[in-house]
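Next comes just one chain, in structure tokens: the form predicted alone.
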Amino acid sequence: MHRFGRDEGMANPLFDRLFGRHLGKQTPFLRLADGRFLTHADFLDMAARIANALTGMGLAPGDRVAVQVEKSPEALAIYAACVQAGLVFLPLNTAYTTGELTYFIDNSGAALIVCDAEKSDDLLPIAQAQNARLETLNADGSGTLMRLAFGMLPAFEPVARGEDDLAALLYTSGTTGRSKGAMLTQANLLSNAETLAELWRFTEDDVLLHALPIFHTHGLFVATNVVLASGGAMIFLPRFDLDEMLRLMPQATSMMGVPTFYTRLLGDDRFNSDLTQNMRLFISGSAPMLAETHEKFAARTGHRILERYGMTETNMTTSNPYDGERRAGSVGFPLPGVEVKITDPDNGEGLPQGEIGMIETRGPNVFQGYWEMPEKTADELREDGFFITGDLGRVDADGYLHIVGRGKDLIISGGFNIYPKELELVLDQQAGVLESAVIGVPHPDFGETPLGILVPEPGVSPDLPTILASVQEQLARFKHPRKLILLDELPRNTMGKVQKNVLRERFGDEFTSD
């Protein structure tokens, strides 16, 4: 396990080992869709100018910088600038409304807010109420922040920081209550980046096709940090665009994405083995991938997608192996230096291999706690360092971890526990079904009962009675969905996760009049 900090003579370990090691490096770092590129040196010059601008505003180490802007090289450079200036980077989903932003800015006590110029009028009153400064950054790199930065020197002496100092604050989705700010330290981010770069065999020869957002762990602290740790380059796309992905993939060696990326690629006949012959690795995460997608992808390209598991509070926790079987439906093994155990949700006691229970994890990747929420921290972060993830899972006979679902998605019907994933696996295999989601809804007799939501394959009308009969043959009676409903698509968040809370709100009264 890496140990680092001031005692090793490093002024700022996260900056030194991810960014600073590339100072003066003239090889491409960010390749843009229009053919332009920024070298590592160009990028670090930009970051240094921004760091000088931020400190020139009076921002001090530990201050929070809230950033809600479109993806761009300049947006990524704000992250690098915050790291070297000792500021806490707070990226915010570009889909958040002004009302939602009010909570994040107020809760975090942000000293600076950076937003698109079009949103500045709406956010100015929030900034003033918080006594925070407001600057703008647009998708094309224009705005007040970069005007300030371009007047600064392209050199900045990194502020001394230790391994336990905060580097970032990421807010959870908040689907079951107030969003919680996960406090991520320098050690959390750096240990994860270096471990993954080594585990996934990234080198300075790699070119990552990057179409993920950078306000989330996946696109920022996994994809970007792994490339920085290895010294490689990124084809830096503003968002997923199918035509651009197909055009640029022959120039890449690796890709990280959510399952939707892969299903959209498979939906285009232009995507084939010739297009992927230069690729060495496809990685998927942020949401479960259907086994069918794994198999179709392997048949089409000859590549097995590597699925891994992580969350806001833990960065990455497990991964399927680089060498060896990448098992569909599994998220692999704990990362080196990371522990994973399955426990009884009621008492925290460990469960035998194969049994379903709560996933808990401990390691250098696990966050420090929730910002300004000591009670929630105590509820979910044990004194011995194990974090209660809220995810249910099991470990199979070969040691692979399988995610069954979120604890809050567990259905208790007539006193029996029903795990939605078990039903979804059966429903996904039915003729004419593209994908499914199973939720628990109130029922007058059973307390809760399963409801199946199906998305049909294009141009197909699934035979619902036949599907129900098939489920009844394969699963115990108490697990049978009381009803199946067809939807054109499942509601998802920006990272591709199905929003079951939205489905429960919409269909929660299906059986209340039974």
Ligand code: AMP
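Predicted model only: the values in this text are computed from it and were never measured. Residue indices: 1-based, along the sequence shown. In this text, the rigid core denotes the largest set of C-alpha atoms whose superposition between the two forms falls within 1.5 Å.
The same protein has a further form, the form predicted in complex with this ligand, not shown here; the description that follows concerns it.
Listed residues 146, 358, 403, 235 were compared with this ligand in the model of the complex; 403 is the one with a heavy atom within 4.5 Å.
For the options 312, 230, 195, 276, the one in contact with this ligand in the model of the complex, meaning a heavy atom within 4.5 Å, is 312.
This chain is displayed without this ligand, yet in the model of the complex the stretch 304 to 312 from 304 to 312, 111 to 119, 79 to 87, 178 to 186 comes within 4.5 Å of it by heavy atoms. Not displayed here, this ligand is kept clear of residue 248 by more than 4.5 Å at the level of heavy atoms in the model of the complex. The shortest heavy atom separation between residue 287 and this ligand in the model of the complex is within 4.5 Å. Though the partner is left out of this view, residue 102 does not reach within 4.5 Å of this ligand in the model of the complex, counting heavy atoms only. This ligand in the model of the complex is approached by residue 172, whose closest heavy atom lies within 4.5 angstroms of it.
Counting a residue when any of its non-hydrogen atoms is within 4.5 Å of this ligand in the model of the complex, the one hit in 330 to 369 is 331. Once the rigid core is used as the reference frame, the Cα position of residue 408 differs between this form and the one not shown by 2 Å or more. The Cα position of residue 37 differs by less than 2 Å between this form and the one not shown after fitting on the rigid core. Note: the CA-CA distance for residue 409 and residue 374 contracts in the model of the complex relative to this form, by 3 angstroms or more.
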